[in-house]
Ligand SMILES: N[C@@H](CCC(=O)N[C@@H](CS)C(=O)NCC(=O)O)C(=O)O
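Just one chain is shown here, as structure tokens, and it is the form predicted on its own.
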């Protein structure tokens, strides 16, 4: 069995698939793609990559010539393989409806509007970083080229707008309610399960590991340490203790990724921290 993974260092969905592969103990050929919003090379829009994934997004799994896209589909496929570690990421003895619903709600799915689910509410808080990278790394010519070339027209327009405007604050503010209520839903669920979301480690824990880590990237980690979310705090510590967290997320951050985060935030918290904390307290009571 030969597995080839096309992925990106900072891509949320790429992180999910890498974690799944590590948890299953699966070996793969790594093909890192330099995404158009972070690198002028824009490898995801190259003729070669578009022949593999016509949408120009990551991750993509090549399994003996069979192409699988979208993180949920890929992880389901990986779970059907036998790796060095005996783990079932879709266990049959857990609530299947809850598993499916939460996996769907924590995935950044193409076509689902930003802010509709937890998975689509997390990325808007990353826009401050993407906005910064587009301005820093792409020329006006390159931004226009992405606008015309990107197969997902909305994304192409999005990157072009970010070249000229700072759009992250209003987009993120529209996601406050969904993020706050989702974290409280996780807190409530953990009261009756443990130590993981459905008792045993599964696909949903992979997705939540990556989503919660993204909050640390954008200087919102204090939310995960708040007294209003004690179960989430313990759960987050448990997720961080897994080998897959270090190896498949933290170890993929290089000088560029850490440098960009530091340049945007420095020692400061996100501008969204206080209003989000206030909203969580409001809904908690």
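Positions refer to the first chain, counted from 1. From a predicted model like this one, the values you see are computed outputs, not experimental measurements.
Note that the form predicted in complex with this ligand isn't included here; everything after this is about it.
Contact annotation: of the candidates 182, 168, 107, 202, the single residue with a non-hydrogen atom within 4.5 angstroms of this ligand in the predicted bound form is 107. The contact with this ligand in the predicted bound form, taken as any heavy atom within 4.5 Å, belongs to 57 out of 218, 249, 223, 57.
Taken together, the three residues 172, 270 and 272 lack any non-hydrogen atom within 4.5 angstroms of this ligand in the predicted bound form. Heavy atoms of residue 159 reach within 4.5 Å of this ligand in the predicted bound form, making it an interface residue. In the predicted bound form, this ligand lies farther than 4.5 Å from every heavy atom of residue 276.
Among heavy atoms of residue 257, none comes within 4.5 Å of this ligand in the predicted bound form. This ligand is not drawn, but in the predicted bound form it has no heavy atom within 4.5 Å of residue 20.
The stretch in contact with this ligand in the predicted bound form, judged by heavy atoms within 4.5 Å, is 69-77, chosen from 96-104, 69-77, 135-143, 189-197.
Scanning 141-163 for heavy atoms within 4.5 Å of this ligand in the predicted bound form gives 150, 155, 159 in sequence order.
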